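Here you get one chain, nothing else, as structure tokens; it is the form predicted on its own.
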Amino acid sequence: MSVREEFDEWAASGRDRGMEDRHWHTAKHALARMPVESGDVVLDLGCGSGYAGRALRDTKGAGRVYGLDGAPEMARNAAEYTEDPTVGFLVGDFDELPFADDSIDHVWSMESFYYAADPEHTLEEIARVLRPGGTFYCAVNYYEENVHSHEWQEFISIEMTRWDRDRYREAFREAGLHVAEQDNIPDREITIPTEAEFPTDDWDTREEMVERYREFGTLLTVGVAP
């Protein structure tokens, strides 16, 4: 199954509506760090339901936000959920971004970069469209150090890229992006039951759940175009 088919099914079944709830605990902290100024043009790469683009308009005053997704149904639903005319959605491929060179101020991606068929080339495309000094905020929960995410591949038919922290930094640099920062954003809002309530349907021990959410959380890597 292709990325398009997989996520068109998600959109048709309504699973896209839960994206914001699932990701917001850490996404909001990463979004708050983005140096978006009034009038800036932002690309939300793998936008899903479009919640990040709407948040950037509401909290940062971005001038124009483009949400790009490989699944037409996702992009269509995102447009239906969005009333702001300065937030637009389009269907596109990560390997060939439909934007001119040096035309985007900032790129955001949450839980989507690892679906790229050729992630190294996707980074080159991001570097191409970013203006000098522009940033790429790449947030992922599926990465090598987060051992609790490894099993996710079993539940999705698309082949995903699982890099470690060092490989993210290396790949950013190979694409021509300076690595400005990299850290883990813990999820401190999800409720973790008491020790007496384990095992649960999803977790054998409380220690594993604490490690997944409070320690590993979301890996954020920030690149800057020279």
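Just count from 1 along the sequence shown to find any residue number. Predicted model, so just to flag it, every value in this text is computed and none were measured.
There is also a form predicted in complex with a small molecule; it is not shown, and the following applies to it.
Comment: the small molecule is not present in this chain, but in the predicted complex one of Leu130, Val87, Leu123, Met110 has a heavy atom within 4.5 Å of it, namely Met110.
Taking non-hydrogen atoms only, Gly53 never approaches the small molecule to within 4.5 angstroms in the predicted complex. Contact check for Leu43: no non-hydrogen atom falls within 4.5 Å of the small molecule in the predicted complex. In the predicted complex, at least one heavy atom of Gly92 sits within 4.5 Å of a heavy atom of the small molecule.
The small molecule is not drawn, but in the predicted complex it has no heavy atom within 4.5 Å of Met209. Looking at 162-170, 35-43, 184-192, 61-69, the stretch with residues near the small molecule in the predicted complex, meaning non-hydrogen atoms within 4.5 angstroms, turns out to be 61-69. With respect to the small molecule in the predicted complex, the three residues Val3, Phe7 and Trp10 uniformly fall within 4.5 angstroms at the level of their nearest heavy atom.
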